[in-house]
Every structure is written in C-alpha cells, then in structure tokens.
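The chain below stands alone and is given in structure tokens; this is the form predicted on its own.
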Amino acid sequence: MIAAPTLSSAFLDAPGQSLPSPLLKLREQRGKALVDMPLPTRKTENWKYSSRYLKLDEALAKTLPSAGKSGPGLAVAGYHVVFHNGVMVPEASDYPDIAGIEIKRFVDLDDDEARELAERLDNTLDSKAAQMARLNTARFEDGLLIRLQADAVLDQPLYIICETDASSAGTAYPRIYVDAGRHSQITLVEEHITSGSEPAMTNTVTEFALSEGAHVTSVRLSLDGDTVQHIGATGARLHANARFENHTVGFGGPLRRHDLQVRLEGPGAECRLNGVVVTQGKQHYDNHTTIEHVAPHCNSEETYRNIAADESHAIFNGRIHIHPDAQKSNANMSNKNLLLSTGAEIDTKPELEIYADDVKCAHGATVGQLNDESIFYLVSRGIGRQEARALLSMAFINELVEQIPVDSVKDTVQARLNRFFDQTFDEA
C-alpha cells in the first residue's frame, strides 16, 4: 500500500518572531498539530476535484520576504490597508480616524489584546472542511485586527490590498480578523493581486465575528497572477439579528480554492452569499461554501454562477445545514453554470441537510451552453457572432456583478470580465 502524502516539515518552520507571545504560542501549537498532516487526495471528499492541482513543493515552504515595493492595487480614494507578502505596510495604508473603530497590526498588540485574539482565532472555521487554513495559523507573521465598538459605523469601504510578490518562489500568509460590535456596520473589500512571475502561493484567512444587530458587507476579489496558487478561507459567526453579505468574484489560475463558512447562531440572523467565477485555458477554481442554521428564524440566500472556457475547470460545492433547533429557517441556494467549450468542465454539488421540520428550503443547479437560438436572434439583427456570444455570457453573470455594492469594485470587475470575454471569443 502506498502511504498517503503528508505535509513537508519544511512548511512548519515559521520565521518571524515579532508577534506578541500569545500569538507565537498559538502559532507553535498549530504547527505541532500539523506534523505529518495528510495532504488531500482524490479520496478526500471536499478536495476530490482539486487535490491534483495542489502543488506544495518545498520551494514554496519559504515565506516570501516582507521587504519590497508594494503595487498600486485599486486606484480608489478612501480607507485602505496594504499587505505585502502577508505583512502589513503601514506607510502605504490609510486608516479611518473614527470614534469606536480601531485597526491594529497583530505585531502591535499588547499581551492582553493578543491573548484575547489568540482565543478567538480559528473559531469561525471547521478545521476539517478548511484544513489548509490551519497552515495559515501556523505560519502567519502579521495580521490585521479590526474592532468596531457598539453602534460604530464606517462611512466608506475599507480596502485591503493583499499583494503577493512572486519575484521568487514561496508563500504568503495574510490574516484578517474583524470583530463587529453590537449594531455596528462595515464594508470590507479584499483584493488579492500579484507582481512577479515565479511559482508562488498565497494562503489567506479572514474571520468575522458579528455581535447582535451588526451588519458586515464583505467583497472578495481574486485577481492573482497565472503562476500563483491561491488557497483562501473566510469564516463568519452571527449573533441575533446580525446580517452578513458576501460577494466573491474570482478569476482562475493554476489553483484557486475558497472555503466560505457562515454560522447563524442567533435568532433573526441572516446572510446573503453571491459568487461569480470565470476560468479559461487550463485554469482551475474551486468554491466550497457552508451555511449552518443553528438558531431559529434565520434566513440565508446563496447564488453562485460559473463560466468555464477552453479546457478549464470550475467547481461549486454548497452545503446548507439546518440544525434541530433551527425552526422557521428560510434557506435558498442556486448555482448556474455555463460551458463555453466542449473541453471545459464544471462540477456542481448543492447539498441540503435538514434536521428541523418547520423550515422552507430550496436548492438547485444547472449546467448548460449558450443557446443557439439566442445567438441566431442577435446575429440576425446585425451583431457579430463573437460579440453575440460575449453579450449573452456577460448577461449570464451581470445580475450578480450589478449587486456588488461598491461602484469602484464593480467597474474593476466589469473591465476584467470584458478582457476575459475578448480573449475567449477572439480565440473561438
């Protein structure tokens, strides 16, 4: 019998000792727990389609250097924080100066703050479902802590620009924790970008803790380069009447993987999850989502759409779990997929697990191609065939793009999608 591959010990040598001692202790504990950790294979259910794309070569075990010039990111005015290879760059950041809102680097926390944070990290994520998030906890060198006091409201979106400098091989480990107090409000935009062209990886974790009545909007853009593997995890725990809204937009690469886990733990909590993914060439993108209805009278709405061209591969696995005490739950999940070539592949697996009897739940998935009659209709009215295909493809996902609540992000996404369709249909 061939032994299952395990994580190389080189990945457990965490450099950077500038963190407060409670966070260093947490990191050491997670590192010890990862010794001989089996790597996912095709027999690992939630990595069934993606395990062969995961390349954890020892060259990637090195942490990418934090020193270097950061890129421009989104050219927008307003609040922003820059990560360069997983380490914050204060001189390139512009924090809000608003009463009740505090933003700190992990390395700047005192021991009491760090001890409290260490007790809360990883509490939003199922370590079995998002197993690679444990590697982030064992290796992060810095992070961003955002705390909102009760009733605090951030008046503009906060942009977090996570740049991976792939000038050399290695991995970056950005880490973000958001503690949203009672009835507070914040819109957070994560943009993941790349400079350089060497093989590299980014392993990122973002966690949200929402107190009663808090409202958090999260926008996540995966715009990494063609040589970068991106493994990300986002977790959120909601108390009573809290609302979490997430918009995920991803463009494919050698490996893109995002685990999104939401727990509705208080009555009246609700979430809305939207996702758009496009892939081309031999790119790969895998979205895994989980919504846990733990408390009664909670609502969830989830809509994901994928487009795959050429010989690319997209995956959606969405799971809704209705716990026994979650009576009066209302949950809906929809996943629609569009294949632009016969060589592309899309795998979809919507799941409902219900243990309560007074609920309203629905889920569905479709996989199809562009309708020939619709193309013929547009061509008959003077539109070129390639332009017609691009228009229909954009229409397929534009409903979700239009729901992104930040105009500058919406414009960036639409421009990137236009380039994607130009490349895809010019080669058709």
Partner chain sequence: MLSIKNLHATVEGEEILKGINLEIKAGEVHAIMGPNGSGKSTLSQVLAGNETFTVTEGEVLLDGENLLDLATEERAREGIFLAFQYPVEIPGVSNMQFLRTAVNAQRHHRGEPEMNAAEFMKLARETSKQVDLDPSFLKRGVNEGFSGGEKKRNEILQALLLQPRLAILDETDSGLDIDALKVVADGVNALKSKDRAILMVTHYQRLLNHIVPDFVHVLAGGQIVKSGGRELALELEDRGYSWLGVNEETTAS
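Numbering follows the first chain given and starts at 1. What you are looking at is a predicted structure, and each value in this text was computed from that prediction instead of being measured.
Heads up, the form predicted together with its partner chain isn't pictured, but that's what we're talking about next.
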Distance check, S380 to its partner chain in the model of the complex, heavy atom within 4.5 Å: yes
So in the model of the complex, does D57 come within 4.5 Å of its partner chain, heavy atom to heavy atom? no
Is S51 near its partner chain? Define near as a heavy atom within 4.5 Å, in the model of the complex. no
Heavy atoms within 4.5 Å of its partner chain in the model of the complex: does E387 have any? yes
For the chain seen here without its partner, which of 370-378, 58-66, 42-50, 356-364 has a heavy atom within 4.5 Å of its partner chain in the model of the complex? 370-378
Contacts with its partner chain in the model of the complex - residues in 396-416 whose heavy atoms fall within 4.5 Å: N398
